[in-house]
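A single chain, nothing else alongside it, follows as structure tokens in the form predicted on its own.
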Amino acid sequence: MTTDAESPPAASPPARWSQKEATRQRVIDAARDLFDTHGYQGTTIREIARHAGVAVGSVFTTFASKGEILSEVMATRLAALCAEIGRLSPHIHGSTADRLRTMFAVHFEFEARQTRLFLAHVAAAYDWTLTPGAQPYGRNAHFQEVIKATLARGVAQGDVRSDADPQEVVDLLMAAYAWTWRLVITESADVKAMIAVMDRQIGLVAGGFTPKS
């Protein structure tokens, strides 16, 4: 007969929480490598679990879908990118178009460090099966607000029309940015080439929001 003294102590809540967080981090780390290697479609929950060394069921106790795992992976990267933009913003001068060019150039240079991972982030935006908790490309509210703040500053300084719809400009710029990344695949374009293309596209968009003389 086993006495209370001989019974193993139950895991304390902090210990269980620590184990869950450790599993969560292993899943995120494994997913980051797989998305950056195989892309969004080429990565499966089963592969993520295998590379993380955990059961498939353990993945689903933390994440509802592959899209949510990718969103978590990108959240950390986007936080670093937002911090970088925040540091640079006070030093970005010139016309509204030039400030937008600088901001997008920073984005190109940052995401080019892990191009396949970023393209997986874009691909997830077209996944019909995404769960509500997923945040693929296009749903980064912080970046949209930065663009809108830049446009508002442009209205104040007189080089952006007051009746220009900020959300339409945001949509156009973010669509152009994502589409420009195709050049990595179709033309093996480097960051400098993509920035040059985006610079021209920003000029075209700016032609629509600049006051007519």
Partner chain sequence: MKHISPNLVAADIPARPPTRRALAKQQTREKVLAAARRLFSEEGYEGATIRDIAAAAGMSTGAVFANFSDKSDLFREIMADDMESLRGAMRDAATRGRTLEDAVLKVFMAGYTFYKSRLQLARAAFSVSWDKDGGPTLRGLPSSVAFHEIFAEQMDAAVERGELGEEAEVKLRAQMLFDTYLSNFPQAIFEGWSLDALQSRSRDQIRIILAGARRS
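Residue numbers count along the first chain shown, from 1. Computed from a prediction, not measured in an experiment: that's the story for all the values here.
The next section is about a form of this same protein that is not shown, the form predicted in complex with the partner chain.
Across the proposed site, 178, 181 and 186 without exception bring a heavy atom within 4.5 Å of the partner chain in the predicted complex. Put simply, of 105, 81, 112, 123 only one has a heavy atom within 4.5 Å of the partner chain in the predicted complex, and it is 123. Out of the listed residues 68, 47, 171, 33, 171 is the one that sits within 4.5 Å of the partner chain in the predicted complex by at least one heavy atom.
Remark: residue 41 counts among the residues lining the partner chain in the predicted complex, judged by a heavy atom distance of 4.5 Å or less. Proximity of residue 119 to the partner chain in the predicted complex: non-hydrogen atoms within 4.5 Å are present. Using a 4.5 angstroms limit between non-hydrogen atoms, residue 22 is distant from the partner chain in the predicted complex. Contact check for residue 200: a heavy atom falls within 4.5 Å of the partner chain in the predicted complex.
In the predicted complex, not one residue of 66-86 has a heavy atom within 4.5 Å of the partner chain.
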